[in-house]
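A single chain comes next, written as structure tokens; it is the form predicted alone.
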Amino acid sequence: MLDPMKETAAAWIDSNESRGVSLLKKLVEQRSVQGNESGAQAIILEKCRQLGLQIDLWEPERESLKSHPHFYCTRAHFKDSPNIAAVLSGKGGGKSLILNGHIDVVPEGDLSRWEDEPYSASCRDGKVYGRGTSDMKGGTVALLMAMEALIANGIQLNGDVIFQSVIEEESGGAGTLAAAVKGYKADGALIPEPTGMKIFSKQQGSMWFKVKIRGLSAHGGTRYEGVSAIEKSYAAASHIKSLEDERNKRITDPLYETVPIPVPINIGEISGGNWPSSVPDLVIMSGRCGIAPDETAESVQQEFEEWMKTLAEKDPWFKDHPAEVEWYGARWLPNGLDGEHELLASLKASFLEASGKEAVVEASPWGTDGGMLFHAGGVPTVVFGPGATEAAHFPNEFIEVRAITECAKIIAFFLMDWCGTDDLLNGGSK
């Protein structure tokens, strides 16, 4: 039989689904790309005020963060890009929890591929469409609905809940780092990224790289007198693909069984040449290199660099003209929970109680702020949320409304179990 307090919270979430949709639509209508987060944060701020939370609103200071070993950000400042931390204080004696959501979204891309305007927040067939619906404003709404379900029904927790709406997750986690540096820590954390309602106990990290390939310039009419950097880049790209194959052969973790390439190396940009009638003497390939949960960025960098040195064994040109590797821009730290960790066990139990089904536990195919929460704040973190991974960053991004409410119920149950409540209806303590 379901605990009466949990039954009450679940019923409240079901009956207030339309309020959740309304909040989500308001958030999606705000184009909160990097540097433009303040409008969406204002909506979050007002909601936190309505809930009576203790609010901390601040713009992270780059100067105070840049010396931190986990700061990877190319922004010159964070003016008009505020962070929010809002605390629901417990009565004492319970474990604390961070609920961490990011407010920034990636740009909308090619508008011709969108059926609706990306920020119209159109709603049809039980879904809300628009940039940021799945990644991850829908998850943030689920967090707020779970908290409001407890507050509205007078269900008081023993441990503190620290709700965070942070900037910069899509660019390396500076917002979450700023919150950790400011002292926001807890016994555990949950991030509602779009996992399709699976629990991700492990997340890969990633980092950006550039590989410069040198050639020898010549006139296109006598191209045999030069060496094309574009042609040489074919060999370099193939060599990088071979490294990806080698690295993924080593991944035996069963949580990656359904992931075709657990730690990809993706070449996302290629530029080279400056004139159709000239042999190009430089090509720059930029990409993303995955980091397994049990690896460090430094060890992966070293392996990548050593691997590129062996390119000369396949093509003698690279002996005197080695490929140059540079690490730059954003970086996401890997993270992983032990399969028996109490945070994971509590969330799995809440999932079963709220849904009647066993949770699916997997490893994330992408990075999150979970690595930052753990490595910078020492906070064990699990990732679980509504929304489809395949919808994030794509045109016509969407989220199912029922997924938000079902997720909110599970999180509400999780809050009661993890933080503890004084169960006045049944007697005793949880």
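From a predicted model like this one, the values you see are computed outputs, not experimental measurements. Residue numbers here begin at 1 and follow the sequence given.
This protein has a second form, the form predicted together with another copy of the chain, left out of what is shown; the following refers to that one.
The chain is drawn here without another copy of the chain; in the model of the complex, the stretch among 312-320, 278-286, 124-132, 174-182 whose residues come within 4.5 Å of it by any heavy atom is 278-286. Within 4.5 Å of another copy of the chain in the model of the complex, a heavy atom is found for none of Asp294, Phe304 and Gly378. In the model of the complex, at least one heavy atom of Ser217 sits within 4.5 Å of another copy of the chain.
In the model of the complex, at least one heavy atom of Ser271 sits within 4.5 Å of another copy of the chain.
Although the partner is absent here, His393 is a contact residue: one of its heavy atoms lies within 4.5 angstroms of another copy of the chain in the model of the complex. When another copy of the chain is considered in the model of the complex, Thr222 lines it closely, a heavy atom lying within 4.5 Å.
Only one of Ala349, Ile230, Val325, Leu243 lies close to another copy of the chain in the model of the complex, with a heavy atom inside 4.5 Å, and it is Ile230. Contacts with another copy of the chain in the model of the complex, taken as any heavy atom within 4.5 Å, map within 357-379 to Pro365, Trp366.
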